[in-house]
Each structure stands twice: as C-alpha cells, then as structure tokens.
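One chain comes next, on its own, written as structure tokens: the form predicted on its own.
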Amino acid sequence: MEQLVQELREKGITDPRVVAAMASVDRKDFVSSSFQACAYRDIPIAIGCGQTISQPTIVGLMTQLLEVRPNHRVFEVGTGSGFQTVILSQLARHVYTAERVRKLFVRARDLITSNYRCQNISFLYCDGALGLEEAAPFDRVLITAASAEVPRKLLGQLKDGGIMVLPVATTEWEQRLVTVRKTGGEVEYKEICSVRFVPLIEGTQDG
C-alpha cells in the first residue's frame, strides 16, 4: 500500500487531501479474491458485469481535478466497485452515487456499509446520466464512463462555479479526460489526457 501511495505522488497526485483519502481506503476490499495479488498495482481490474475498477492513478487524477471541498455535494455516475465512492466520501459533505447495474449496486452498497463507516453516501440504483433532479444542483459531478458528449441533464444540474470531470469519446478509438467548469452561465472545457473507460450506457440492468 505504501508503494502505491508513493507511485501516486510520483505520477502527479500531490494534493495532500486526495493522497490521504486514497491511503485510507484499501483497494483490496474492492476486488475479488482471485485479484488480491494485483490490488496494489497501478492497473484496472475486472469486477464483473463487463466493468472494471480503474487504475489508482486515474482515480487519483480524476479526484484531484474535481477539487472537492468539505462542504461540497458530489454526484458520481457509475458506482462500480465503490472504491472511488468511498474516496470521495472522505473529501465531501455528501456523495450521491448512481449505478445502473443492479448486481454492482447491491455489492458496492453492502460492501461499503459493512466495511466503512460512511454516513454521507446515498446509493442510487438508476440511470446516472439523468442525474438526480430532486437533490440538484451539485457542486461537483464525476462520471466514470465515456460518452460522445457531456450529458446535458448533468450539466444542467451542476452548480454555477461547479466542476465536472469525465471521459469523452472523441473518436471510436480515442477517449480524452475532460474537466468542465461552469462559471456565470459560461462553460469551459479542458482536455487533460488520453484514457480508456467503458461506455456510458442508458437505462438500468436488472442482473
């Protein structure tokens, strides 16, 4: 674990709050027994249902770019394993996390409630691309699946002064990590680096 934290720092994850949050969450808890030996390596790992837990440096980079503060309310699209969710919960006032695959939703919810004392997470089984109108607007939005454009519903639910971080599919073969800043009605987009995420899919999967 210490080696992984050092690797995060070496690869530019230097925000002390982000590093501390990641150091407090054991990635081994979020991967199956067959992948325990790989838990601290900087690689994505399959978690079933065609999904993966992202490599730690990408989790750290996206979290750092999000600039989460203790008073922020965060909406996360794609709970997946729940690893990123718990990290966000260490930094924010409240995290609303949406998962479209019921099996992953139940597994992550049960794992987190059993192993981590996170009272500031709301677990949602729903199409995260639609956001959560009744709880909006959000200070921060994190999307962990790639689409061809920024989901309009989520952009509309982002506060003025808010930040969204997401992968955008620029071509069939390329994705770019993008930050979206909303200020005074204007929206600023900035490309960060190449990434590879599963596609953002509409609807829910009851299985």
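Just so we're clear, the structure is a prediction, and the values are computed from it rather than from any experiment. For every residue, the number given is its place in the sequence shown, counted from 1.
Although not depicted, the form predicted together with ligand SAH is the subject of the following passage.
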{"item": "Stretch from 170-178, 65-73, 141-149, 35-43 whose residues place a heavy atom within 4.5 Å of ligand SAH in the predicted bound form", "value": "141-149"}
{"item": "Touches ligand SAH in the predicted bound form: I112 (any heavy atom, 4.5 Å)", "value": "no"}
{"item": "Partner contact for I121 in the predicted bound form: ligand SAH, 4.5 angstroms, heavy atom", "value": "no"}
{"item": "Contact of G12 with ligand SAH in the predicted bound form (heavy atom, 4.5 Å)", "value": "no"}
{"item": "Ligand SAH contact at I53 in the predicted bound form, heavy atom, 4.5 Å", "value": "yes"}
{"item": "Heavy atom within 4.5 Å of ligand SAH in the predicted bound form - the one residue of V198, V25, V195, V19 that qualifies", "value": "V198"}
{"item": "Interface residues of 66-102 toward ligand SAH, as seen in the predicted bound form [heavy atoms, 4.5 Å]", "value": "E76, V77, G78, T79, G80, S81, G82, Q84, A98, E99, R100, V101"}
